[in-house]
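Here you get one chain, nothing else, as structure tokens; it is the form predicted alone.
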């Protein structure tokens, strides 16, 4: 049997390829594949106070979670949160993009100003919201403002439904600028000839042009923003944990609005029940997959991208 001898140049290219790819593959296996597999094994085992596999319990951990009212309430919390964040993000980011695009001067300045919050971490912004803007004291910034309108101070982080206001505003402030840039890029891809044709037909730039030209041609951009937001909503953690007092044991108000990741965090690292915590993580991942598939099905992503 004839064996082909690889030329020296090909051997060097092959080993160079291995040298460059090996760190990536190793990191992917060690930090992604192995944790996922081990988490799946933990989810079907009883793992209290340890991450070792002890007693196989099958789907018992999953059943316990679906029978747990606190976990079900956490899923409801994130759905309510999404009803505020997703439409709000699309509306504000698209509105800012249209306004800045139609601005004759200072476009770069306004882009920078609205994009700058992306440089701030969620933890820092959440603590500022909690300790300065919405601290619930009469001298807090928001309470000082509403005092001029005759409104009594509000305990923003310890009463419902007021607690939703700081939770929603901090995320909108942090992410609207990023999606605004995405919408600006989408608007710039719209052919100018379409707007010129609209002006010839008597339609000036305004609501009519936006409704019939700009918004329909931003369909794929809007779908991208929608998909990314839905995934990020299920992973919400920092703003809830920090604004509602997760870092302050004396004012722990997470019971007012606790998303799945905060519930699973306390289950795993406070109650030390890693089996149930891992099962909850896979339930959240399953919810993300299902929501993405449903969006693609009902929004008609396949028809929108050609």
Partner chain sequence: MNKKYYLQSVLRVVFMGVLSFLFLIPFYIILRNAFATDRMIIGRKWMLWPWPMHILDNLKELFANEDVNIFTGLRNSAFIAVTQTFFQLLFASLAGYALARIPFRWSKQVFAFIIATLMIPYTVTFIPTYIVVAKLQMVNTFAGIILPGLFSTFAAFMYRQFFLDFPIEIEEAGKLEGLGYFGLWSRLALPNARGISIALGVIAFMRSWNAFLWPLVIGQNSSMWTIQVVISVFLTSQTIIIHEIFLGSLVALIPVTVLFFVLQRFIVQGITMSGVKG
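Residue numbers count along the first chain shown, from 1. Superpose the two forms; the largest set of C-alphas matching within 1.5 Å is the rigid core. Everything numeric here is computed off the predicted structure, so don't read it as measured data.
Just so it is clear, the following notes concern the form predicted together with the partner chain, a form of the same protein that is not shown.
Q: If you check in the predicted bound form, do 114, 173 and 181 all have a non-hydrogen atom within 4.5 Å of the partner chain?
A: Yes: 114, 173 and 181 each sit within 4.5 Å of the partner chain in the predicted bound form.
Q: Are any of the heavy atoms in residue 242 no more than 4.5 Å from a heavy atom of the partner chain in the predicted bound form?
A: Within the cut-off, so yes.
Q: Although the partner chain is absent from this view, report whether residue 99 comes within 4.5 Å of it in the predicted bound form, heavy atoms only.
A: Contact check for residue 99: yes, within 4.5 Å of the partner chain in the predicted bound form.
Q: Just checking whether residue 61 would be counted as a contact of the partner chain in the predicted bound form - the rule being heavy atoms within 4.5 angstroms.
A: Because no heavy atom of residue 61 falls inside 4.5 Å of the partner chain in the predicted bound form, the answer is no.
Q: Please determine whether residue 215 contacts the partner chain in the predicted bound form, using a 4.5 Å cut-off between heavy atoms.
A: Looking in the predicted bound form, residue contacts with the partner chain do not include residue 215, since no heavy atom lies within 4.5 Å.
Q: Can you pick out, from 160, 83, 118, 91, the residue that has a heavy atom within 4.5 Å of the partner chain in the predicted bound form?
A: Going through each option in turn, the one that passes is 118.
Q: Residue by residue through 20 to 49, tell me which have a non-hydrogen atom within 4.5 angstroms of the partner chain in the predicted bound form.
A: Contacts from 20 to 49: 20, 21, 23, 24, 25, 27, 28, 29, 30, 31, 32, 33, 34, 35, 36, 38, 39, 42.
Q: Look at residue 285 and decide if its Cα position differs by 2 Å or more between the shown form and the other one after superposing on the rigid core.
A: Superposed on the core, residue 285 moves its C-alpha less than 2 Å between the shown form and the other one.
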